[in-house]
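Next up: a single chain in structure tokens, the form predicted on its own.
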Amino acid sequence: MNYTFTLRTVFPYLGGLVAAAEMTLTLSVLAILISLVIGAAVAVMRRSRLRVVRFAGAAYVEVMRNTPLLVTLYIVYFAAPAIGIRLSSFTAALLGLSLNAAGYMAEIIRAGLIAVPGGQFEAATAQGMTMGQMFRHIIFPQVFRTIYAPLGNQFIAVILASSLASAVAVEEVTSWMETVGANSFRFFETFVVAAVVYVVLCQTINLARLQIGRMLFRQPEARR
């Protein structure tokens, strides 16, 4: 029996797909922002002069990078209530995704910190800057420029990883795909549509990143 590929059976469910795509995008963008903040803090911890602080930062990175995201989501959503912490599906997915991504963000940012010449730290200290002032005005602007391109890959990884949020009942694109496939029995068409949506979402974030990069790092015109 020949299989006939048709998208007509998926059309009635496209309204739900729009809402699911919005949920995926919202979850991904928030996770990217939160993981950037956590990752920056952990990266600074790993460069600390205090051994216990360096150990804590390194331990966080190793635990998160060596624990599957799905396990982290299960711990946050299913195991945490056992100790009295109850979170909504969205909050649990956001927390799990952010904590996991922060482990990778920390290493990207740490690489950027290593790339900053040691003289920059010494010069900032000699000017009487506090640690916060030094990182805000001197170090992080240089780090950001260095790591901006590698961050793009991590942003896309976060979007793709958000598909696991369906495991904790978040109604995003993968959840829509599973539901529509089960209802319509047209799994192939449903999977293709979901794949296209993920490609569009990833490229949207990537193009936005490129455009922002052009604006931030625009070279001044040479004087004539």
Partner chain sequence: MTGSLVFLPLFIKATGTTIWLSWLALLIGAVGGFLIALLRTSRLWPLRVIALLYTEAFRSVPILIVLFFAYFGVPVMLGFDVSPFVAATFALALHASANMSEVVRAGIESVGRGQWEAALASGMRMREVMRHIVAPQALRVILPPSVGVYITVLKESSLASIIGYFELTRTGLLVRETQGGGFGPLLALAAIYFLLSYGISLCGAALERHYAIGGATTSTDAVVGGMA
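For clarity, every value in this text was computed on a predicted model and none was experimentally measured. Residue numbers count along the first chain shown, from 1.
The same protein also exists as the form predicted in complex with its partner chain; that form is not shown, yet it is the one meant from here on.
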{"property": "Answer option from Ala161, Met45, Leu36, Leu27, heavy atom within 4.5 Å of its partner chain in the predicted complex", "result": "Ala161"}
{"property": "Within 4.5 Å of its partner chain in the predicted complex, all of Met23, Ser88 and Leu95 (non-hydrogen atom)", "result": "no"}
{"property": "Any non-hydrogen atom of Ala194 within 4.5 angstroms of its partner chain in the predicted complex", "result": "yes"}
{"property": "Partner contact for Arg51 in the predicted complex: its partner chain, 4.5 angstroms, heavy atom", "result": "no"}
{"property": "is_contact(Tyr74, its partner chain) in the predicted complex, heavy atom dist at most 4.5 Å", "result": "yes"}
{"property": "Proximity of Thr146 to its partner chain in the predicted complex, heavy atoms at 4.5 Å", "result": "no"}
{"property": "Residues within 4.5 Å of its partner chain in the predicted complex, restricted to 175 to 196 and counted by heavy atom", "result": "Met177, Glu178, Phe185, Phe187, Phe188, Phe191, Ala194, Ala195"}
